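Shown here is one chain on its own, the form predicted alone, set out as structure tokens.
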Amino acid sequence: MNPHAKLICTVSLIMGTSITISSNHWILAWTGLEINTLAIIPLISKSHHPRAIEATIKYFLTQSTASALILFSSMTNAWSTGQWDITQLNHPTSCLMLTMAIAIKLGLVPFHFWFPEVLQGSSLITALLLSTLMKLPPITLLLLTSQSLNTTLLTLLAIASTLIGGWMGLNQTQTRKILAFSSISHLGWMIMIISYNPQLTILTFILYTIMTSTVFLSLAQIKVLKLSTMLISWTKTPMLNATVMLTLLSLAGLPPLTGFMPKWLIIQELTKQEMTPMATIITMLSLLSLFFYLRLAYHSTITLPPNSSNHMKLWRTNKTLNTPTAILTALSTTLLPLSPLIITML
């Protein structure tokens, strides 16, 4: 890709995200979302592979539909209340339309079908952007309007996302699709708590971003796109494979790793809100995603499959040090002891 085009796309992504998360007016927020959509499209389609072009078209159609719904929702609210302020969303129909639009943008169940396909058609770094940075503006809009939205609807979306995210990921062999369903499952946890404790949603999103970035950057470094390749990747970078295993277990939410913190705090908050049945259901459903995280972790640390492999054996080469991945790996695995400090900061 042309460096100038890449620079323009990157600057536009940062600008679009900044406009949306800092705006107070619906039109400005919508403008930021549109800039974001248009900036990521060249990055998805840069390989010119038919699958990448298909992913680009799917992404454009779903995001433009969601943006139109957001615009229609804000106009309906302005028509009935005279308010263009994001926090003044009081019209019931507008609230419902906005929830649906944000669910489409984020890829929540039942509007999730585009997300795994788009990630599968993108490169690992573009998939990382789609899973983290592109989720920030819609989540910010949800946070700003969380007090006006229907809590029951959000809870249903959250439980459905956790269920489908775990269930659909069970039989996948492509790492990008597995991480797409992992993203859907984690979004379920964030949406579940957003009406009761928005700060906890922000914490969960930040930790999810750190852990997912670590996994994507590590996989990009060892060039792993499917499980069968991961089986023999230990010959290239044994140490990196070991840290990938720890990061995956952290994503699964196992103590004493970082990923346990948001799940623990969300379950605690739901119990305080007298939603113990919901906390129990979402905890049980997270066992589904735990299965495929364990499978990924097993594949990343196994030496060689017992049968003869058709793949060419990969030899160790002198790799340059990747400092961002090292820092992110440390954060992804060791933040749990700092929980009291992080909770105090919130």
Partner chain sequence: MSPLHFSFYSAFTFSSLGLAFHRTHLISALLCLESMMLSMFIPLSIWPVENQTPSFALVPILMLAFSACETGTGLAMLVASARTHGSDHLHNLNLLQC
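Numbering follows the first chain given and starts at 1. Please read all numbers here as calculations on a predicted model, not as lab measurements.
The form predicted together with the partner chain exists for this protein as well; it is not shown, and the discussion that follows is about that form.
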With the partner chain left out of view, which of Ala29, Ile282, Ala55, Leu296 would have a heavy atom within 4.5 Å of it in the predicted bound form? Ala55
Identify, from the list Gln88, Thr76, Thr151, Thr235, the residue with a heavy atom within 4.5 Å of the partner chain in the predicted bound form. Thr76
Segment assignment from 76-84, 272-280, 223-231, 153-161: heavy atom within 4.5 Å of the partner chain in the predicted bound form: 76-84
Do Pro262 and the partner chain share at least one heavy atom pair within 4.5 Å in the predicted bound form? no
Evaluate Thr93 for contact with the partner chain in the predicted bound form, applying a 4.5 angstroms cut-off between non-hydrogen atoms, and reply yes or no. yes
I'd like to check something about Phe291: if you look in the predicted bound form, is any of its heavy atoms closer than or equal to 4.5 Å to a heavy atom of the partner chain? no
Tell me, yes or no, whether Trp167 is in contact with the partner chain in the predicted bound form, where a contact means a heavy atom of each within 4.5 Å. no
Within 4.5 Å of the partner chain in the predicted bound form - does that hold for a heavy atom of every one of Phe60, Gln120 and Lys177? yes
